[in-house]
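Coming up is one lone chain in structure tokens, specifically the form predicted alone.
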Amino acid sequence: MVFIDACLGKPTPYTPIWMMRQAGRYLPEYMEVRKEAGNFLNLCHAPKLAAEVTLQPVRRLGVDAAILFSDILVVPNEMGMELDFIKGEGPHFAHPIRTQANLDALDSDAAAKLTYVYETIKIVRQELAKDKALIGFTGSPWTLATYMIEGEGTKTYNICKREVYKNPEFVHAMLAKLTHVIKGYLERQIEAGVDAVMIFDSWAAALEEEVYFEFSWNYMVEIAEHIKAKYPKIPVMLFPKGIAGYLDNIYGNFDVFGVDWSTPMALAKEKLGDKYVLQGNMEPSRLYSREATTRGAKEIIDIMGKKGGHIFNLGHGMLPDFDPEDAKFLVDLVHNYSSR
């Protein structure tokens, strides 16, 4: 697989490409399946439907990898937290984790309950072309913890950050519990058939540097090193969003570092290009203009060169009002322009 070869730093005939949130609301065929499911959470829980939407962007766009269709919050949901997705507001936990008793009540064996995810993976792997990779994923312990403590998405993180500074032992206990569950979750995804795994740290930028490494990056590296020790041939990809200023201190045994669009690709290459394969990082909104797409994609490929060590992606997820034909234009452009 071209994508897996690229993840492992091997030469490839062209730069492979996939896009974060490539299976989603910008695709009319996704909206049809979502309508059939009734709601987002039902879709995550229905393996045949989730497999279908996982495969849709591969069929339509010709990307080099599919990413499992699910949600990071199925993990705390199966740990025992009641989860709803409220229209116009996003995810909501009715009973946030604020006390040690709340934390103690969470199920440490939740990975065993996520059977619908593993069933989705098995269906996708049966139907996905052999030369296309399937990426499994999870949210990072820190990103999951922010939702679990706040009870919903937040712009200020004031409740979870208050706990970081006032009750650090409590937060570390939650992160350790999540780390344990995530290790089992990724192991089971690999056993079900994914070819690579990715850890999304969406709220990395909420923490100052020293605190970030203590409360987030260290746990991501622990998970990555656990997976690499047990499955050395499975690429591990880490995506911390918004930490361009922390790149000098990135460490750990993993394969691919995801670069968000606010981090200059040249800077990421300078700081990390000798240690890790880089993934990214076109600003998603460039997809509104083919001229802007062409300029942005060629610039990134020129910076990264054509010797391998790069996976093309957006620097964050697809937006709901993108035109699928513009996404297809980007995929074809990357394949053709980067061709060796």
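These numbers were taken from a predicted model, which means no experiment stands behind them. When you see a residue number, it is the position in the sequence shown, counting from 1.
Just so you know, the form predicted in complex with a small molecule exists too; it's not on screen, but the next bit is about it.
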Inset, instruction - Although the small molecule is absent from this view, report whether Phe40 comes within 4.5 Å of it in the predicted complex, heavy atoms only. - result: yes
Legend entry - Gly90, heavy atom within 4.5 angstroms of the small molecule in the predicted complex: yes
Legend entry - 4.5 Å heavy atom contact, Ser216 and the small molecule in the predicted complex: no
Inset, instruction - Report yes if any heavy atom of Ile72 sits within 4.5 Å of a heavy atom of the small molecule in the predicted complex; otherwise report no. - result: yes
Inset, instruction - Quick one: from Tyr116, Phe170, Phe137, Tyr157, grab the residue that has a heavy atom within 4.5 Å of the small molecule in the predicted complex. - result: Phe137
Legend entry - Of Met282, Ala50, Ile67, Leu278, the one that lies within 4.5 Å of the small molecule in the predicted complex (heavy atoms): Ile67
Legend entry - Non-hydrogen atom within 4.5 Å of the small molecule in the predicted complex for each of Arg25, Tyr30 and Tyr147: yes
Legend entry - Contact stretch among 258-266, 171-179, 195-203, 123-131 - heavy atom within 4.5 Å of the small molecule in the predicted complex: 195-203
